[in-house]
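Just one chain is shown here, as C-alpha cells, and it is the form predicted on its own.
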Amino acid sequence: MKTVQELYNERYDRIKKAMNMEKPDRIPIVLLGPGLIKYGDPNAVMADFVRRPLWAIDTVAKAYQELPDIDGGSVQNGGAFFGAFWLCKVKQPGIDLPDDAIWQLEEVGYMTEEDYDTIVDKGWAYVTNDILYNRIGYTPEQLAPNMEEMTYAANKAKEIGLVNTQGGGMVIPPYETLTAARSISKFMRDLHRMPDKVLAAMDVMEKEAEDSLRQAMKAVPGLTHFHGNSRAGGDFISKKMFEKFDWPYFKRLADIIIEEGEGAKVFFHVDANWDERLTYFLDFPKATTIFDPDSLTNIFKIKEILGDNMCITGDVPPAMISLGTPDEVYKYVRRLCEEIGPTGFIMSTGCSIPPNPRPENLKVIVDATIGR
C-alpha cells in the first residue's frame, strides 16, 4: 500500500508531465469547486462553507478520499473572497441567500470617472483602498485572511496527498479589473468616450500589478501562477479593442511569469468565448502555459490551434454535471480523452464543479478518464 507521500509524488509527477506537454502514465484528473461537498455528504449545502467551514473542509476531503483517482484540487472554497477581489459586495449562502445558493457578486461599479485621474496621480492601490473601505464599507478584519481555515485546509490536503495545481500567485490584467470596478456597461462606454484616460490609468495599474506579481511569485512559488481573463473575449469587445486595451497588458504579465517564475506555468483561466482569440496564445513558448477554459470556448478548436504548444484542461460543462445523464457524461469525457489527450491534457470541469452536481456524474468523470 502506498504512503501518502508516495501517492502525492505519483500525482504530482502525472500532473507535471501533462503541464510539460509530455505523456503521463494516464491522463491526470483535477476537480475542484464547491459542489464537490455534495459527494462527501449529499445533505451538505453551500451555507456549510460559511457556517461551519472546518466541517466543510473535512467533507470535501472525504469526497476526494472516496474518489482516490483524482490527482489535484482544493479542499477549501474561496467564495467570499471574490467580493473584495472584484471590488464589490458579495452575497453569501445562508446569510443573504438561500442555504444552497451559490455566492453572488453585486457589481454596481463603485469606481467613478474621476478615479481615472486619481489612479494616475495617486496609484491604483490608493483607489482600491478607498473603494473597499470607504465606499463599500469593508473593515480590515473582514478582508484579512482566515489563517485558521487556511492552515486547516493546507494540512487536510497534505493528509490526503492532494496536489494543489493553483497554489501560486494570482494576477489579472487592468482591463479585467476595471470591468468590475466600473461595471461592464460603464467601462465599455469609457473605452469609447475617454480611451486615452483609460490607457493612462491602465499603465499605472499594470506597473503595480507587475510588482505585486513578483512579490507573490517569491512568496508562493507553486506549480502555476493564476492569470485570469474573461471579459475580453469575442462576446465583449472587437479584436481591435482587444489589441489596444487588453492584450499588451495581459501578455506582459504572462511574460513575467514565464521569465521570472522559475519554471512555474502560467495558468490561463479563461472564461467566456475565446474562439477568435486563440491564435494570440501562440506567442508564448511551448510548455510554459496552460489554457483552462470554462466550456464556452470550443475545446476542440483549442486543441487544433494550441494543442502542440500548451497544456489544456477541461472541460466537462457544469450544466452537464448538474443535468446530464451518466451516459452523456461518460461519452463526452471519453471524447475528451481521445481527441484532446493523452499528451498535454488534464481532465477537469469547465471552470469548476457547480453547487448542484449529480454525484454519480462526478464519479463517471473519474471512471471514464481512467477507462473503467
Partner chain sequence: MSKKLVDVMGDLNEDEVIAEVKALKEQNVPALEIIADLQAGMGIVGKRFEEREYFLSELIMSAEIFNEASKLIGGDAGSGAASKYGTFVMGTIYDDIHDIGKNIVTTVMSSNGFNVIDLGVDVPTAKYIEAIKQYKPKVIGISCLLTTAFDNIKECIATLEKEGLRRDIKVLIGGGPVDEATCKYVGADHVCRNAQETVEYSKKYMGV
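Everything numeric in this text was worked out from a predicted model, so none of it was measured. Positions refer to the first chain, counted from 1.
Beyond the structure shown, there is the form predicted in complex with the partner chain, which is absent from this document and is the topic of what follows.
The stretch in contact with the partner chain in the predicted complex, judged by heavy atoms within 4.5 Å, is 103-111, chosen from 67-75, 133-141, 204-212, 103-111. Residue contact check for Gly307: none of its heavy atoms lie within 4.5 Å of the partner chain in the predicted complex.
At a distance threshold of 4.5 angstroms between non-hydrogen atoms, Pro318 is in contact with the partner chain in the predicted complex. Using a 4.5 Å cutoff between non-hydrogen atoms, Lys218 does not count as a contact of the partner chain in the predicted complex. Mapping the unseen interface onto this chain, Arg277 counts among the residues with a heavy atom inside 4.5 Å of the partner chain in the predicted complex.
In the predicted complex, no residue of the candidate spot (Lys156, Lys158 and Gly222) has a heavy atom lying within 4.5 Å of the partner chain.
The contact with the partner chain in the predicted complex, taken as any heavy atom within 4.5 Å, belongs to Met241 out of Met241, Ala264, Ile256, Ala84.
Taking Phe226, Phe236, Phe281, Tyr152 one by one, only a single residue has any non-hydrogen atom within 4.5 Å of the partner chain in the predicted complex, and it is Phe236. The partner is not shown here, but in the predicted complex the stretch 348-364 reaches within 4.5 angstroms of the partner chain through a heavy atom at Pro354, Pro355, Asn356.
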